[in-house]
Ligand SMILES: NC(=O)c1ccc[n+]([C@@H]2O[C@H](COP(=O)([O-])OP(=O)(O)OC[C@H]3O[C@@H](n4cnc5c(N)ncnc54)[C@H](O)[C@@H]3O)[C@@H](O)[C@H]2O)c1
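Just the one chain here, laid out as structure tokens, in the form predicted on its own.
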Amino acid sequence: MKKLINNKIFLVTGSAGFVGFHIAKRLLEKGYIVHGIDLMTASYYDPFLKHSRLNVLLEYEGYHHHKIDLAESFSVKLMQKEIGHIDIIIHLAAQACVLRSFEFPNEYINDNIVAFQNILEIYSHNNSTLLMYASSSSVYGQSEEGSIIKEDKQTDLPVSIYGATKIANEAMAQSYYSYYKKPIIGLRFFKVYGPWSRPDTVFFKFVDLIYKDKPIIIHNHGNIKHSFTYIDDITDCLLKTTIEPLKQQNYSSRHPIYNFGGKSILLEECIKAIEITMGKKAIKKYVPLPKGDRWYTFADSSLAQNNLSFNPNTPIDKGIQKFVEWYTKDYISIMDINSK
């Protein structure tokens, strides 16, 4: 594995999760030291997938894992004392399944809000130079068809508890930023997909069901259109932002928050791409839109493109092809091992 070439120390929360795993792995490949935090629980999918991600990270010399609950202040303080200095914090840990947030709201408040406060405390009282945290397109609530979502769109009408927790995160980050005047960047992700993604995400569910010759459930009777974003486009940007000096920005009033969304595409087009890649037709079942779900997003990511060199250029057919290849070659093997 890559030898350590840089003493810069990163703290990545949710390091065994989907996005956290990818950014931690990319940093390790560059020779950086990464302290990962993940409690290794997965309430809504098989934790064996999280352990498989972790096993990949543990192969790198620079990775150090901390299995703690970020909502427990005492554990977080002990972990901080153990690590010592941290240069950059990338906070990606969260309860992320949107529809599930109405079933278990207490979990979402605890893991998405209380835990984030502890991260803000670490950052504000440490010599760290940057905090990046995951927000979500869910802060925008429902969008009108044809509307393009810019960062200045109001964010006080969430349609899920999950979205409400992310709005709270942004307000909390702003209050800490206003007081401590340290660089903080919010990342509003739009429908991220790719290898190692969570089984509750739409492309994973579709590929898994088609592979097993089971019907796929399509919400809103097929009238779904979202800004799907390939994971490598995000990690390329985050890697560059954390390693290279940031452009001069005005930190005097509001901390920057960016949309990270790819091209808005009809879900039916994505299904066609899956069918072509898998060489199988999907068995489709159309249903109404569930409460708390959203059917339309169209991200304007020009701010991130201009300030952070975000480049969401992976075509949907190529991104889906890479995901299907991972699912059929790697994921099936992972689950076969788990079943033995």
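Note that the coordinates shown come from a computational prediction; the quantities given were computed from them, not determined experimentally. Just count from 1 along the sequence shown to find any residue number.
Below: the form predicted in complex with the ligand, not depicted.
Triplet I148, H226 and G292 all within 4.5 Å of the ligand in the model of the complex via a heavy atom: Judged in the model of the complex, none of I148, H226 and G292 sits within 4.5 Å of the ligand.
Of these, 121-129, 184-192, 82-90, 263-271, which stretch puts a heavy atom within 4.5 angstroms of the ligand in the model of the complex? Partner-contacting stretch among the options: 184-192.
Quick check on this chain: which one of M278, A282, I68, V56 has a heavy atom within 4.5 Å of the ligand in the model of the complex? The residue from M278, A282, I68, V56 that makes the contact is I68.
Any non-hydrogen atom of A299 within 4.5 angstroms of the ligand in the model of the complex: Flag for A299 set to no.
Taking heavy atoms only, is G319 within 4.5 angstroms of the ligand in the model of the complex? Judged by the heavy-atom cut-off of 4.5 Å, G319 is well away from the ligand in the model of the complex.
Taking heavy atoms only, is S135 within 4.5 angstroms of the ligand in the model of the complex? Heavy-atom contact with the ligand at 4.5 Å: present for S135.
Is the gap between Y162 and the ligand in the model of the complex 4.5 Å or less for some heavy atom pair? Taking the distances in the model of the complex, the answer for Y162 is yes, it comes within 4.5 Å of the ligand.
Is any part of 258-292 within 4.5 angstroms of the ligand in the model of the complex by a non-hydrogen atom, and which residues would that be? Read in sequence order, no residue approaches the ligand (within 4.5 Å, in the model of the complex).
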